[in-house]
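As structure tokens, the next two blocks hold two forms of the same chain, structure 1 and structure 2.
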Structure 1
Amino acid sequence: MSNGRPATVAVSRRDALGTMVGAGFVAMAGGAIAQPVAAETPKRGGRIRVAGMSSSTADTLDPARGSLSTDYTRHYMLYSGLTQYDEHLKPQLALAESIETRDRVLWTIKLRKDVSFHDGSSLTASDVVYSLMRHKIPAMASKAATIATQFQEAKAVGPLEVQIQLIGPNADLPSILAASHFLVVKDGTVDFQTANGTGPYICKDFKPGVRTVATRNANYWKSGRPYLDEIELIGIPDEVSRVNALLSGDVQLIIAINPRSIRRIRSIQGFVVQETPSGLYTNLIMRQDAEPTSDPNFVLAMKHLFDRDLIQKAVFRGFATIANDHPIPPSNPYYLQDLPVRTYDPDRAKFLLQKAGLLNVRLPMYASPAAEESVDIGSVLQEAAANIGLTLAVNRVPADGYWSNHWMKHPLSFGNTNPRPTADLIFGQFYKSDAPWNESGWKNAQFDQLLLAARGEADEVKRKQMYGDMQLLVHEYCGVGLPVFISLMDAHDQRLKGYGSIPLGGLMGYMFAEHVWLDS
């Protein structure tokens, strides 16, 4: 879901991070961290309020338990990771000074010197070991527990050196380590009533479901950053209310703008709309363990009922990219370009529904504002289906409680998934047979085998072919219909400078805090 799933990780490839690949050796050397280029000289000082799209009494300061976009934003303000994503979603070195491996199984990480936690204590290898291995402890209730099963062992081999042994090769480990869930906490921390991180801001006040206030960390390990004195983070679930808060000056930055609001914001002087093309998507879920959605003819019929051009233009006002019923966007280096985009074909859909014996029936379909634009997408599908004799009853349910009460709970419903930085992560979390968020309950042994094999494949040509085969399998057989990839749309006061795009999510991939400043 757009505001509710881990904004997880990716892996270093040949083109990532100055990575060197040769003779089976991968090394990520230390050096300057790539940052979005600032056109102006940053200024220090000032305070801003930022409105996320979610707020809950379950809000947390524990990176391992983050599940909403506001959680991810809060955690990136207060903590740092071993690596971090750049504007191309490639992992860059952060707390790690270098990362090396010869076989993609055993990794050696050397840490930066003179990095301090907010309590003044120094970062050590033991903090990193604890931060990684705690995800494997059931009582921690980590949202990244499934990913952490890849960690066979992490151990300190020196005061500032860590070795990570994986259960099998995975070239994407540097990307995984950049995820918000794997941000580094102090060794032994179990009480997260406050935050003790190495991030750009220090927690001043935290009230779950109300607000987070953070002040500038004067001892931040990146020289000169951050720039603002204080940031207040709140949640405003209603998009119209978020826009009104921005235009009234109550907040200076907001996430997740509806395309219908863009003209209004741009018509008023003093505000900027930021578009970031991304892998965000809203998808139709057809459960494979329920009737009639388990019928392959029904699944294919629904995919042919997506008028992708209409959805892109009418629902998203052009702020979207055509998708092809699989979750890998065209910007991904493993995108299967040779696969023709499935066409809108109501005649074909009618034939398939007749074959399934499902014409002239009535089926409920659950949509919600929680799944971005699912209500409007559902209406487009409803009209297309009615024209060929299928009645889809769009049940609009409230955003509050949608993910716990309706998502994946009905034969037909909608999901909404944040961008993931690697193909492995999106496939592993949502499409593998035993994935925790396998939305349609789709199980395909060939897909599972390809996914595991691709993680350790050193030959990039073969690896790309494997990911292409996986896209084809999802496109043809999975119980998920995916019409477009949605651009991330944020808006801010024009006095807020340094704001750019990191296509992991809104608010610069939730990492805006260390980049922005006020030009008042």
Structure 2
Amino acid sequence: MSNGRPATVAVSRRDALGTMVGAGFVAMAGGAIAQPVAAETPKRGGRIRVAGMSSSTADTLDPARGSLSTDYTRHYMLYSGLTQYDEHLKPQLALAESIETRDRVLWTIKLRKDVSFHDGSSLTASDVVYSLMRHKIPAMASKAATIATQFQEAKAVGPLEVQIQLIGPNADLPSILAASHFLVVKDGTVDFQTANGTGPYICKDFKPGVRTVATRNANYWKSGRPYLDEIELIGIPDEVSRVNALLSGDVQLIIAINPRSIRRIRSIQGFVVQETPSGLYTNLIMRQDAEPTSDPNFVLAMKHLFDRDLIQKAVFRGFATIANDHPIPPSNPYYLQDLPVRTYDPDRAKFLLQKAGLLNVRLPMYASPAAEESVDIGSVLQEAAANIGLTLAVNRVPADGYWSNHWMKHPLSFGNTNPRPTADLIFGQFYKSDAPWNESGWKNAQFDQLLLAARGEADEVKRKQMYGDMQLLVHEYCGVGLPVFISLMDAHDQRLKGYGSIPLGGLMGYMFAEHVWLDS
């Protein structure tokens, strides 16, 4: 850890919260993210080309408007946040030197000294205030506008000190601040034709839908980093082309490879496949405010119709983790171990459907390439349903417009949710009765109470119990069928070193830029 500061022990958020309750005060010490693979000494220099999944005219340099993995990657390359995720998705301090709170409502953030933007100006509290509060302006079209509604106020209380007032207690603020949308921009920026950030790379050329070229920021606040001279980020939407570009040596790192390509990549010398088990999932949504999907028998029958082993094996070639109809992956510390995984049981499903009088109906089920592998998961489900006399018509619709016109809009549709750093975030955004993305329209007062109580609960054992109860409730009653968690699969040239996993997303949780180096 050569960031020019004494290496301090990174305090995990849970530990920090414990301290907070004991002392009524918490201070997170400054620390750098641990290098996931630090066996060799990094070398300086070199240039790589990286292929993301998508690239279009909607590409943006504005972190607030980032909507796709290629955007997030670009933004983490050019900007820094107050905090950043480590390989366990715990927030570590970044531009913030300390984050303190007594009540989880009022937070005080001290900023690092001597951080400069790419245009040479220094980072000040007003930049941070602007970067946070601009999400509340509708015309900014921020993707984090709903999260930002929690910010009551943010104000500069000193040149390098910011105070954030939340509308209610939320222990997850340090996690939230690490999200790419809250990366820090210069105060007053509205025109994002170029990027003026404090990140490891400086924007040299940006053409939406074509490429982003970024060069090394010699004044990066983590001294010694980054290692590469230049990174070119392009988007190759077609997976086969992406893999071919890697194998032919045209690019050195690619995101999101299909499990069916792994055999081929591994058969050729010089390439590494990086598997990251994650909380990413594609789920079946059964609207609770529509017929017949609101029938509890129907919901349970569909959950029993998921042949999870087959989906894991056939659709994902084993690169997925079996899920249990709730969104907490086994890697999460709050995962409910004791709950047996729901089995594939067509007989029981048939019985339940008969009971509901729904056996011989024909139901359209909306799937789209927009929701990863939903068409294939739907096909597997369709076949299982056909075997017991239920006709599910998979209605594949184009990716564009799927989220605004089909997702959650039909009795049966598929959703797709990226990994979230905490259980509270995923439950709060997708399962709480009044959550904006309460996909199935599921209303459960007990669940809501538990969620709020867990936010304020100091005792870890009790907290774990609460999250366990919430998982049970979702597993039993929520109108969401969740067959597997999908592993993130990247591949890179063997000479690219320092590459690891951050289970937020592909390309090291979109944050590979400051970690990797070339061994030529």
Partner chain sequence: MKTTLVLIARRLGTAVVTLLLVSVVVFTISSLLPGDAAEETLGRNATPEAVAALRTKLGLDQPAHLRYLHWLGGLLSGNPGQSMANNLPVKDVIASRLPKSLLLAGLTTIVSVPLALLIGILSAMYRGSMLDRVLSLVTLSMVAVPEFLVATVAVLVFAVNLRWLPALTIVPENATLGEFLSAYAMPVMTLCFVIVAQMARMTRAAMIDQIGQPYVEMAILKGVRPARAVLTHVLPNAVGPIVNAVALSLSYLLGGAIIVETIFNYPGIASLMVDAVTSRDMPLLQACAMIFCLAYLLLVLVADICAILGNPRLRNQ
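Residue indices: 1-based, along structure 1. All of these numbers come straight from a predicted model, not from anything done at the bench. The term rigid core refers to the maximal set of C-alpha atoms that superpose within 1.5 Å between the two forms.
The second of the two structures is the form predicted together with its partner chain. Between-form comparison between the two structures treats the chain as two rigid units and finds the smaller unit turned 11° relative to the larger, from C-alpha superpositions. Here Trp403 exhibits a Cα shift of 4.3 Å between the two structures, evaluated on the superposed rigid core.
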